[in-house]
Structure formats: C-alpha cells, structure tokens
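Below you'll find only one chain, the form predicted alone, shown as structure tokens.
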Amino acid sequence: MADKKNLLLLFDHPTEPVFMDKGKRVTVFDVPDSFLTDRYRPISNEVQNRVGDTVEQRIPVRDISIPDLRIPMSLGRDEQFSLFLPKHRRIAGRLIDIFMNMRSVDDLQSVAVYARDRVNPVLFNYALSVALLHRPDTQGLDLPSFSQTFPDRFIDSQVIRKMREESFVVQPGSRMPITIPRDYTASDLDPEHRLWYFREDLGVNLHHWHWHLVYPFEASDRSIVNKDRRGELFYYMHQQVIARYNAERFSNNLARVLPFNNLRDPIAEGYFPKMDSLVASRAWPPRFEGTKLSDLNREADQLNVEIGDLERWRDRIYEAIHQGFVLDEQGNRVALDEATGIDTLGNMIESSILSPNRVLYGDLHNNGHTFISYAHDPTSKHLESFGVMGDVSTAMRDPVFYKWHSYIDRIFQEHKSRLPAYTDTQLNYTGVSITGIQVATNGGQPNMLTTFWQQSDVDMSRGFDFLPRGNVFARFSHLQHLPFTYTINVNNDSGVQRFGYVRIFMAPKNDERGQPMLMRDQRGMMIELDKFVAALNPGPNTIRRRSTESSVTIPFERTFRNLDANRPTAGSPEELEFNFCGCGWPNHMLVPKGLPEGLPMVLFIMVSNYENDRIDQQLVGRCSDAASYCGVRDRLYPDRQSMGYPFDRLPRTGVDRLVNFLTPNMSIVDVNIRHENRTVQRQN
C-alpha cells in the first residue's frame, strides 16, 4: 500500500523527469518502463540508475492501465497555464476528475507518476493540489508552498541566476542566501512603485494563489466548487484586499485607487515584471503605459471575445441588481435577497460553475483578467503569452489588478447599497456595553503601532531543477510590525453569563485631502483585523487579545510552509489543521505601513450577540484560524452575519460619521501607525 506522503514528492523539481531523485532523503520512484516518455524509454536502465548508491528510499510504482489523458496533454508542457482561460479551466477540470476518481492512493500515485512527465508542470501542480485537498484519503496532507516549487513566479530572473550559481558551486552547508533587491521592477519616478512591498510581497501573492486553490471555480464534481458562501467569500476577500491596498496608498501619500470603469479607456499604469517563466522559457510580457484593451481573437487559446461582451454582461448584472433578481437557465427568478443575494452575485460575477446563468451573465471577472493580460498581443500575432494578470500567483503584482477589482467591487456595492440599513435593534446587544478600548505594543505607548522592514529567508530548492541538491535560500524584504495587544473593557448588566462575538476593524481617519472621512466612504475602507468569541461574566470584564491570534492571518511559517518548524505532533487534530492552512493573509501584513510622522487611523471594536451569530459545528482540526478571508475547510462559515458586518451596508439615515453609528456595544479610539525606516533580520 502506497504511503500518501510520497505523493508530495511529485511536487519537487517540477520540470525534471519523474525518475530523478527527490526529497531531503534521497528518494526515487521505481517507474515502470512503460511509464517513461519516448525520449527515455530506450535508455531506461541507464537513466533509472543515475542516482546509484546514494538512494536512501525507493518507492515502487504499480503498472496499471492509465485513463485517457488526451485532454490534459493537449496543453503543451512549455506553455503558460492560466485558470482565467476557459480552455485551460476545462483541461484542469478533466485532470482533477481523473485524480479524484482513482480508487486508491496506489492508483493515484501510478497515474500521477505517469502524468507528471506528460502534462504541463503548472497544470499538474494545480490539479494534484486540488485533488489532494479534496480526496477523503489524502486530505490530511500538507502541500508545499507554491513559491518553493515555482520560485520564478515570485522572484526576478537575476536573483534566480545567482541562486543557480550558488547551488552549483557551493556545497549545501556553506551556501549564502541571495538577496532579492527591493526596487527591481521600477524607479521612484513611478509613484505606483511606492507600493512594491504590498503588490510584490511573496506572502500576499501566495495568499491569492492558495485562496483560489481552496475555492476552485470549475470542476465536474460540483461539491469541490460548491462550498458554503463561496460566492460571498469571493466578494469579501477581494473587497478586503482593496481596502487594505487603499490604506497602503494613504501610507504613501497617494489617493485611493481609481476603478477601471470604462473598459475602452487606456490603462494609465504600465507594469514591467522582470521575471522569466522557467516552464515556458519566456519572459513575462510587460504592459506599456496607456495600453488599451482590444477584442480578443486568439485561435490557439480558443478565445474569441469582444469588449462589447464584457459591457453586455456588466449591464445585465446591473439590471439584475436593480430588479432584485437574476434569471436562471430555466427562466426562473432567483431573488437577490439580504441573506443569499451576495453569494449568488459572487458566483455570477466571478464566474464559477455555480453561476445561475452563465449564458446570460457571462464570465465578467475572469475575462477582465484575460483581456488585460493579453492587451499587448490580443490576436496572437507575436505569439506572446499572457501577462501577470493572467495568473492567480502573479496577478496581484500589477497595479491594474486593484483598478479591476475596485471596478468589480463597485458592482457588489451597488447590490449592498440597495439592502435595508441595519437598525439599532440589529446592531445593539442589550445589557452589554464597551466602557473602554486600547491597543498597545509590549511596553509601548497606548494606541501607537509601529512598522518597520524585516528581511527573511525562504528555501526555494524544490524549484531549482537540474542542479545539485541542498537548500537554496532567497532573502526578501517585507513589511513587519511590533506585535500588539487589544484591551477591551466590557460591562455585562444582564446578571447572567453571556457570550459576545468581538469584531475588530480599522480604517483611515481622514481622506486624501486630510478631511475627516464620511461614514459612507469610511465603511468601504474598514479592514477586518480580528473576530473571536468571548465569555462575558456578569459585571465588568477585561478582554485581552494578541495581534498574533488574528482570525484573518496565518503565521510566517505557514505562509512559507517551512514544514519542519513548529509542526504539531503527528496524527493530532492540530496537525490536520496545520496541513490545510496555507490559506490566510500573511501576519506580517496585518496592519498598513503608516507614515514616519504617523498615519491617523480609527480602531473600531464591537461585541455582538453570539447567540444570533453562532454556527454550531466542531472546528478543531478544521483550520479555522484564518476563517475571516478563507472560511473553514468542509464546514460552514463560522459567523451567521454577512461578511463585513456591520460595515457591509450603508448606515441608517442621519448617520454621516462613524461616531454617530455607534451603539453601546461598540467603541472607537484613534490610533497612530508610525513607520520606522529600518531593516531587521528575521531570527529563524
């Protein structure tokens, strides 16, 4: 019986043949001759024994009859793979089905070994990852970080060349980390480049990739896609990314991002990625300033879409919002109500296979990515592949990602603006009041947060192919903050123990012009920082909560999957939780950068009635610690309220400022975020 952990070795060295050695222990798959590709089958003895006496472990691979792989193999091994292309989604869906339908881990191992040298390496990684996350017999497995397997999507070509040299010349014990320069994609002549640390952060891009891995939008097994409140989560996760991005813009003296409202306008911002795809052996194409979108007609990609199609889909979605219902494929009305309307819209706008009517409402969000990513070569005249907007692991690097998603968010907000405002009764928690809140770093002055730069090392060796083995580290600079603690004083006058759901948000206090923000604008910039349950004894209570416990973030080790550090004991429920949880906003990006003189923010804390909000389910071993943006594996979203509550709707009449919005169970305090322009080395 095959050990399911061996399947993870198939992620190592993605462009090398499958029979090459893998893993920290020198491990080889004993591949049946019939599984070898045409190039290696005639010399099977020679190539299969290359590693010789150094092998520490051999994994037998059963020779079974292989399912029809013609569809997965129709994408070339050296082409770029994109989830945004319908043709590629169909191909991936087929390969996921094949992996999901294998009867045992043994059969899955055989098919995966056979497929690995025949299908596109990025497609293989994606399809096998989705299958391992969703098969009952492999769910406990821990997927390696995508950045370790495909470092070329996260770091620039010059660094990769230096890392190759280091690993070829220097023995593993003596290798030095190669530093990724901080300013390699643009100069300070480009104001947008001030946000390099957000857009090009490894953790932020890994979060986006992993989120789409947990929430695929296409598979013939509907249960893989049809997860609880999936469409609403698509809306909320991306809305939060835009809110966070705008706070970072304020931290760099820039105005909020302008939505890409008119699809026929030129895109003002250019972007030059300076990365090479190791799979396609091509540079990621740039987009020049002032590029316009054009109708797409790319025969090889089976793409024939006009800008007019996007505009029609958008208009139909707006019409549905204004009418309060969508039409499904049978012509029945599906109400866009308070409870499920946002979920229906999310699946429709993205769009996933859960869309009520893909023919009528189209594929707006995904096609927007595709149009922008092919703007440099819309007809394939120059045989160029898509730009970074065409891949979920690279899209967030490009300034236009935030313009496009601000536009998508506007459509969602149109729906939200038509819902009735929350009433005092819906917001209040009778008998419970907050008497004071404070946030402070250890030993620091109250309500002052501090950020700085940190350098951390990440091992990229899994993705360095055809080179001597051993660790190869990249050293990257990222934002970091001093850890802090919330202190919340709550009075419970009810005379009995109650439970409260503590909801913590933060938003800029002033707008771009330095004027106090109006509630209708500020609510869209509210960043969720944490959400947790607290027991409230009768009388006064003091609740303390550390920033590292946030329901939004995951710690550094999990973002970068240093799988040997801080690992829970084997077989424990906590290990299961550790395994699934690559999805989560990186903890080092929890708070915005701030300004040297301090960025004025407002901290908002609410204690809502947990009896109204609770979802009764068992969460241990279910990866619930980053549930705000990622949900919980195989479980319901752990909050009955709408995502973003209480800021997801327009405020009640007469509330123009946040202070007028407050009920006794809410409180606000001014907080300053001060940035210190210093760099510290992370202690591993």
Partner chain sequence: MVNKKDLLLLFDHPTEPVFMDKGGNGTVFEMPDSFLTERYSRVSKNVQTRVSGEGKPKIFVKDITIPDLSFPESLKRNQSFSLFVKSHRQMAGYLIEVFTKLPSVDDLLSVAVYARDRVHPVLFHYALSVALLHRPDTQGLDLPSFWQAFPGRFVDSAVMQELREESFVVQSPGDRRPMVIPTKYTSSDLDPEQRMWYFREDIGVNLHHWHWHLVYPTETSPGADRRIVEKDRRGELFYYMHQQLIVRYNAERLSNYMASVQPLNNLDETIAEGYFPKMDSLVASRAYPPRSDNTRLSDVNRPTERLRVGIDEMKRWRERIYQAIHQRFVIDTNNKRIPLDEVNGIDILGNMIEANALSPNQMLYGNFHNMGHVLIAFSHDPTNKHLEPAGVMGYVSTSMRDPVFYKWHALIDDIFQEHKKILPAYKAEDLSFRDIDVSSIQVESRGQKNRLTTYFKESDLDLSRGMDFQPRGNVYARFTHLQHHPFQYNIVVNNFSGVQRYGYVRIFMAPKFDDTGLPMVFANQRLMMMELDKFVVMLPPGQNTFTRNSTDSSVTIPFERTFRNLDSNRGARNSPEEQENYFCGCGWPNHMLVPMGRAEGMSFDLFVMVSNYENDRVDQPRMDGCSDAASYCGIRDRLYPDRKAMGYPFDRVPRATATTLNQFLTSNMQTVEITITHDSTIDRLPALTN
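Numbering follows the first chain given and starts at 1. Predicted model, so just to flag it, every value in this text is computed and none were measured.
This protein has a second form, the form predicted in complex with the partner chain, left out of what is shown; the following refers to that one.
Among residues of the shown chain, V130 is not one whose heavy atoms approach the partner chain to within 4.5 Å in the predicted bound form.
Using a 4.5 angstroms limit between non-hydrogen atoms, F452 is distant from the partner chain in the predicted bound form.
Although the partner is absent here, R39 lies within 4.5 Å of the partner chain in the predicted bound form, judged by heavy atoms.
Within this chain, Q171 lines the site of the partner chain in the predicted bound form, having a heavy atom no more than 4.5 Å away. Taken together, the three residues D265, L327 and Q641 all stay farther than 4.5 Å from the partner chain in the predicted bound form, as judged by their closest heavy atom. Stretch-level contact analysis of 80 to 88, 237 to 245, 341 to 349, 158 to 166 against the partner chain in the predicted bound form, using heavy atoms and a 4.5 Å limit, identifies 158 to 166. This chain is displayed alone, yet in the predicted bound form one of L419, M519, A335, L467 has a heavy atom within 4.5 Å of the partner chain; that residue is L467.
Contact with the partner chain in the predicted bound form, judged by any heavy atom within 4.5 Å, is made by just one of Y610, W313, Y407, Y184: Y184. Residues are counted as partner-facing when one of their heavy atoms sits within 4.5 Å of the partner chain in the predicted bound form; in 274 to 291 these are K274, D276, L278, A280, S281, R282, A283, P286, F288, E289, in sequence order.
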